[in-house]
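Form predicted on its own, single chain, as structure tokens, below.
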Amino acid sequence: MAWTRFGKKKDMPGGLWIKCESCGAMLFRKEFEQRHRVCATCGYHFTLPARERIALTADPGSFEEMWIPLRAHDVLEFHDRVPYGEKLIATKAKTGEADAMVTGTATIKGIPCALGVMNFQFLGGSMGMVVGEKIALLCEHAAEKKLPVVLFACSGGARMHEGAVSLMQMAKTCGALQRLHQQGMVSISVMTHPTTGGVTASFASVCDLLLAEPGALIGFAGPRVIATTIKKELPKGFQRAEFLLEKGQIDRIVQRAAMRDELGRLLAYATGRDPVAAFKPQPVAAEAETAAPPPPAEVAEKPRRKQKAKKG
């Protein structure tokens, strides 16, 4: 129990508040999660775990995961401060995921599709042998079943622990998407914050339609590396989604709350369905039922006024 000059401080459970990485505002965690991890003050889009992304995107109960048994192996016997094999085991235990990509089939606004979502919580969403294999298998399955493909990218790039094996996934995923395109199927890439490195230079940028969330960092090398190399000051907003849209490198920026509706409309166009029937806007996340308590800085009780003693 803490004391202040104003009196006794209230007990506050931990984890109620989170600080926005962009504007610094204090966000009530329950409201923050109900807004799908989007800052209510500045609109900054935080990274979203793969399972939450699937729940937000796919129709309820429609997602069927595929290729669950696939596991990465330390083929190079890579040793950092922690051996790669041990790091894989620890990350699986921490995240509950086998690797940085979750794939399967689902329906979005009633339209069947093949869905792949990257998980940044698994080693920074890095692309290794399992990520590349799952994307290739997803494209092959989509071509066989005549399904459009939707891929969500959220990654720091190729997985250095797998060396050249991870770099090979760039060509592998691009080849799989090209074969899918030759079969007449449509692919949609959604680039979220961050999408960088080998993921940007491969499957995330070669789909038929390129979408992005607001403010997402999208690029190959980091801005500091580029600025140091070319010895020039970079333009304002360089490598952000808005900058790339202006330069014609992506097709559209879509708010997270509207992404499912937008994907439904695009999939309807791609599959010859009625886009008006498919596009039924869903309401923005409901407001929290419980009022937010005061921010941590305002928790201390106000001093109570002393009551005057009554005269006899």
Partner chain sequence: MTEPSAKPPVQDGLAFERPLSELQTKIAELRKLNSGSHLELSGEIELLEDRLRRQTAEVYAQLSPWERVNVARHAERPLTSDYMQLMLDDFVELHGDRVFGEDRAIVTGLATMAGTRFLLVGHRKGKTVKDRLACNFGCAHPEGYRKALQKMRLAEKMKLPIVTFINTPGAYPGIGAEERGQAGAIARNILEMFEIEVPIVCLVIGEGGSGGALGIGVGDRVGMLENSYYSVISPEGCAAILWKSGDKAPEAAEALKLTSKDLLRLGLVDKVIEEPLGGAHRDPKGTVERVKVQLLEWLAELAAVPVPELLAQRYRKFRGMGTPVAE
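Positions refer to the first chain, counted from 1. Computed from a prediction, not measured in an experiment: that's the story for all the values here.
Absent from the display: the form predicted in complex with its partner chain. The rest refers to it.
- Just one listed stretch, out of 145 to 153, 100 to 108, 80 to 88, 113 to 121, contacts its partner chain in the predicted complex at the 4.5 Å heavy atom level, and that stretch is 80 to 88.
- Not displayed here, its partner chain is kept clear of P214 by more than 4.5 Å at the level of heavy atoms in the predicted complex.
- G163 belongs to the set of residues with a heavy atom inside 4.5 Å of its partner chain in the predicted complex.
- Though the partner is left out of this view, Q178 does reach within 4.5 Å of its partner chain in the predicted complex, counting heavy atoms only.
- Using a 4.5 angstroms limit between non-hydrogen atoms, P69 touches its partner chain in the predicted complex.
- For a residue to qualify, one of its non-hydrogen atoms must sit within 4.5 Å of its partner chain in the predicted complex; all three of M168, A171 and K247 qualify.
- V130 is the sole member of I188, A241, V130, M185 with a non-hydrogen atom lying within 4.5 angstroms of its partner chain in the predicted complex.
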